[in-house]
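Given as structure tokens, the chain that follows is alone and in the form predicted alone.
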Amino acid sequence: MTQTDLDVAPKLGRRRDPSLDGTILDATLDVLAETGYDGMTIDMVAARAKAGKATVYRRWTSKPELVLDAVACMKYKDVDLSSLPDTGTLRGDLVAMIKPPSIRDSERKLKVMAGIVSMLTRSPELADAAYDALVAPRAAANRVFFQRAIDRGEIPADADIERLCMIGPAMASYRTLMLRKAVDREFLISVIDGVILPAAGVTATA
């Protein structure tokens, strides 16, 4: 290559690594869950992601923008509604969703919700993203379970599905946000047997 070639050759910058975006967003969620929105800084996120601060700012120009994307991306990690368990009973279906990986994921989401609660009233976009990522997926799964129960005659045809499907997410959120207690298997089953099934008109079995 001649000197002329070197003079006219394009100077390539560092290419953007798409995989780093996911790493930064995951790090953002971790920091949010630990420190909350007000305590979170871009420096913390960069350190957790093992990336430079400038690298983060090249992708997201502000903390609110980064948090909005991080919260929104959580909705893509939920179970496919077409693969939901079908045990033949409403209780069986609800209990089948209580698995260690799903409990850990739900607990992390609730901690993220606790971390962003100070921003929800100030940012309608973040509130919408939080609902879509943290509440809507589980409510959608519950909606499938209650409709199945209606179809097989297990609960009344006029059961208020929308109200029923929100009981679990609402109680889990209250336990995390207000009581600051873990949402574990024992708690979730107690909600199913003591609140959800009676509200739906079903008597829980042992």
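Since we're looking at a predicted model, the values are computed, not measured. Heads up: residue numbers just count along the shown sequence, starting at 1.
What comes next is about the form predicted in complex with a further copy of the same chain, which is not displayed.
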Might Tyr57 be said to contact a further copy of the same chain in the model of the complex, defining contact as any heavy atom within 4.5 Å? no
How about Thr87: is it within 4.5 Å of a further copy of the same chain in the model of the complex, going by heavy atoms? no
Decide whether Gly39 counts as a contact residue for a further copy of the same chain in the model of the complex under a heavy atom distance cut-off of 4.5 Å. yes
Please check if Thr35 has a heavy atom lying within 4.5 Å of any heavy atom of a further copy of the same chain in the model of the complex. yes
Report the residue, out of Ala46, Leu68, Ala170, Ala159, that has at least one non-hydrogen atom within 4.5 angstroms of a further copy of the same chain in the model of the complex. Ala170
Looking at Met166, Ile150, Val144, Ala51 here, can you tell me which has any non-hydrogen atom within 4.5 angstroms of a further copy of the same chain in the model of the complex? Met166
Sequence order please: the residues of 123-148 with a heavy atom within 4.5 Å of a further copy of the same chain in the model of the complex. Ala127, Tyr131, Val135
